[in-house]
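Next up: just one chain, as structure tokens, the form predicted alone.
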């Protein structure tokens, strides 16, 4: 397959746009496909993300025995009376969310399951979920003693657990929650910082009982009967929308209104950082069922440097885009406690700073983050995305200031199929 590239030209005038066609939320879409399997009635899902990874999660649900009816805007998932062993491997594409959450779900299901993915996913660490799942009775094997996919899972009866995770990760937490609701007694999970909480919100909305205790543990009660089906409209992904929030923040006199986003506090921390840097950000909540949903308006203003060292788990995916704003801000910006960036789709710490260097930005790399000196005028460069969609899109946004050639952009299709279309619309 011929490698895809994007050439972005510098904007010659500011923009004031309303964007209502940003990709649906990836995290929630993945969970809709999986959580529908925990009911005994059809789930109705509107606005499901049509990215490659989330469609892979939907295909896996079908391979496990679900009936998936796709009516365009609406998808109906009817679970089987009992999940069945698939006749083939289960391909998660590029999605760590897909692989890690399905590992937790399938660990409690009788049968043999093999999870794999693309070359990038097969290089990502999986022991963070494999080891705690093994400790409660799951049989999981794979390359490097279960650290690298393909993973083979022999599911079955699970024991309850009390697990304090050394990693603040929504994927790890969700995998253990999905195992815990299938165990024999109440299980307890703890993380040092609350990671994104879509799993708890959605499962509780379906009738599960997952509660935070006074001493910071999450109590996971086993489900004794099938959960209620989902009836959900997937909101816009604030992580995807954030690229255009940064665009408005860095292009003088520009403004963007981002429609129908989840306003979950664990998902909009990057907007709070952009606001702290000096951009004008307004939040307009409209509803709150499974998730609070509304609009976010971002307007350009002079940006200043900032330190980002807290709530890292809430904005880990947005840090590459934030680095573009940090580059032109007045004064240095520091990112700390973000070592998790090194095990994302790429080593995002190295990918960010090395790409910024090509644009003429001065930086200092740390083991758990970086310092960006700021006050930079970005230069045109040729950027290799390393197959990481967030690196690709972040530097495409940088191109609005200086022109940019971004290489290996096929990865954008996995999470934000119409990104380039919206990017081009800013020039109209």
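This one's a predicted model, so the numbers in the text were calculated from it and none came from an experiment. Residue numbers count along the first chain shown, from 1.
Not pictured, yet referred to below: the form predicted in complex with a small molecule.
Only one of 206, 170, 298, 277 lies close to the small molecule in the predicted bound form, with a heavy atom inside 4.5 Å, and it is 170. Shown without its partner, this chain lists 36, 394, 27, 385 as candidates; in the predicted bound form, only 27 has a non-hydrogen atom within 4.5 angstroms of the small molecule.
Among residues of the shown chain, residue 196 is one whose heavy atoms approach the small molecule to within 4.5 Å in the predicted bound form. Contact between residue 293 and the small molecule in the predicted bound form is not found at the 4.5 Å heavy atom cutoff. For the chain shown alone, residue 317 is a contact residue for the small molecule in the predicted bound form, at least one non-hydrogen atom being within 4.5 angstroms. The closest non-hydrogen atom of residue 201 lies beyond 4.5 Å of the small molecule in the predicted bound form.
Look at 416 to 424, 403 to 411, 6 to 14, 19 to 27: in the predicted bound form, residues with non-hydrogen atoms within 4.5 angstroms of the small molecule sit in 19 to 27.
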